[in-house]
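For this one, two forms of the same chain are given in structure tokens, first as structure 1 and then as structure 2.
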Structure 1
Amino acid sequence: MFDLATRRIIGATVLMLTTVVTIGMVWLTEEQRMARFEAMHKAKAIENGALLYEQYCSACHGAEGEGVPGRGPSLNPGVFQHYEQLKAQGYPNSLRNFIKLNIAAGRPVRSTYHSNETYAELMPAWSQDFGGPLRPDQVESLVEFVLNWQTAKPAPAPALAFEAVGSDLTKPLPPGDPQRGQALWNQEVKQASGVAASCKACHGLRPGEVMVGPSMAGMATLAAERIRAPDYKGQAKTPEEYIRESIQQPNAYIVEPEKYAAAPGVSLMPATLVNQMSAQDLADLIAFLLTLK
């Protein structure tokens, strides 16, 4: 039998060998383990980014990044195409940093992907580092979500196989459903074109809430007052007609033009939004707004 000292030496040797083998096994599998961890982290970031995108970005860029005329350009595939154009002109930054910079700091000048595109609002800064509401980790999640589109098929263009209501105020409207109108406002359902209504991106529903445009709180009462205002030059005779005119022909009467005009006589609200909604969509939105008294 081994004496106590010998047993201790053997035990220490076995322990050391076990430790070395364990460390070796961990080292051999570390790359795979880290790859799995990074994949899980990226998947979680994409999931978080999807929720943030729906909340902050979809109203202007579309649910699938397809873009919203008059509100925001295509990101899927528009942002990738635009980056390739910039890269060909010598832009030195990576795609990831290009997307991150646009989200974090916004686009402070009125530039677009294509010369024929115009939007009512500049891209705001979203990162807290630039005065926005999002933490750095939330910005990173949005970047991951947008980058994820690069490996997927581009979003289809908005469906146009429907009759847009357009700007014609004489076009008959069907009876409106205020509940569906509220669902359209809240983006719980989409318009007949397949594009989500962008109302809540610019208008709040709480009294005094000023976003891009004025609050819609009490709109039924306000509409009745505005058609009697001395400076009103529109055609509406009833609150319903006033709301309809404001949506279909937003330049007919601009409330507080010093705040809500993009240029003299031009409302911040794009006149092209009615090209995305059907007569039923419009009727339902009007019916909902008439419940706000």
Structure 2
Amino acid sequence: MFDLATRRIIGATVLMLTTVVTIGMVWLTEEQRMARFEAMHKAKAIENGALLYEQYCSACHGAEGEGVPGRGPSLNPGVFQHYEQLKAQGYPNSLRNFIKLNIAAGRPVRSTYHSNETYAELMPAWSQDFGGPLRPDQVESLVEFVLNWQTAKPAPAPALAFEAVGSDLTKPLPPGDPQRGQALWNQEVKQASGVAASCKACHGLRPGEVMVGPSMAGMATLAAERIRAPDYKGQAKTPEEYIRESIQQPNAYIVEPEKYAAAPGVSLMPATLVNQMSAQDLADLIAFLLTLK
């Protein structure tokens, strides 16, 4: 019923449509194939990363990224929290790049985020590009492995061998031992967390010796004067309570803010020291400072 020319046109159109559909299907399955390949590739990278992590990283960051006191910070969930904080401050890089950079180049300088922690060593550089032992693809595998923690469930909180006293001023304290307090101060013994008390990095014991913070000379006598001063804003009623408050809540009352405040209402003394300290550590440090008359 169609003449030859019409049939040719129809034939050509059908052929063309079939070709388009076929190409489309190949393209679609190719995309699925690629997605499968990428998923497999990623799974393989995570697997390789897990082995590398165990060998090179777990000693400082813990088997599940929970962190090791005195050696390395938590990565799971620590590094994700650190990144969120940086991003809130305008850090422009992606999470992936942040993690990759830290692993590849290490941390030749301690980050302020972790400045309250004491680590035996700095984070080494790992990529051969930065003089480290690992190939770029191995670093990439480690990045995949660390990133995978974010989607997997976070590691259980590290089993602390101690309970940190924190900032709660009402928590009952055991009787303090001034001798152990002095040993803690001099870093001859460590706190329950295994971290050396950093007090003497900022406070001298000689009269008038100003380091980052004021001298502790005569602290017991001074504490009694502090709580009677008209500008005193804290809650302490006794010298003991004053010293306790100074350590657990440095921002409750800042001595000479023009000299010792990092920003209005923020003491140069970190409020987080008490997160490394047991109630006993705190009681002993207070008992020691109360001997300084």
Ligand code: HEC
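When a residue number appears, read it as a position in the sequence of structure 1, where counting begins at 1. None of the values given here were measured: they were computed from a predicted structure. Whichever C-alpha set is largest while still superposing within 1.5 Å between the two forms counts as the rigid core.
Two forms of the same chain appear here; which of them is the form predicted alone? Structure 1 is the matching one, since it is the form predicted alone.
Pro178: after superposing the rigid core, is there a C-alpha shift of 2 Å or more between the two structures? Not so; Pro178 is displaced by less than 2 Å.
Is Ile243 displaced by at least 2 Å at its C-alpha between the two structures when the rigid core is overlaid? No: Ile243 shifts by under 2 Å between the two structures.
If the two forms are fitted on the core, does Glu47 show a Cα displacement reaching 2 angstroms between the two structures? Glu47: C-alpha displaced by 2 Å or more between the two structures.
Can you give me the Cα shift for Lys87 between the two structures? Core-superposed, in angstrom, one decimal please. Superposing on the rigid core gives a C-alpha shift of 21.7 Å for Lys87.
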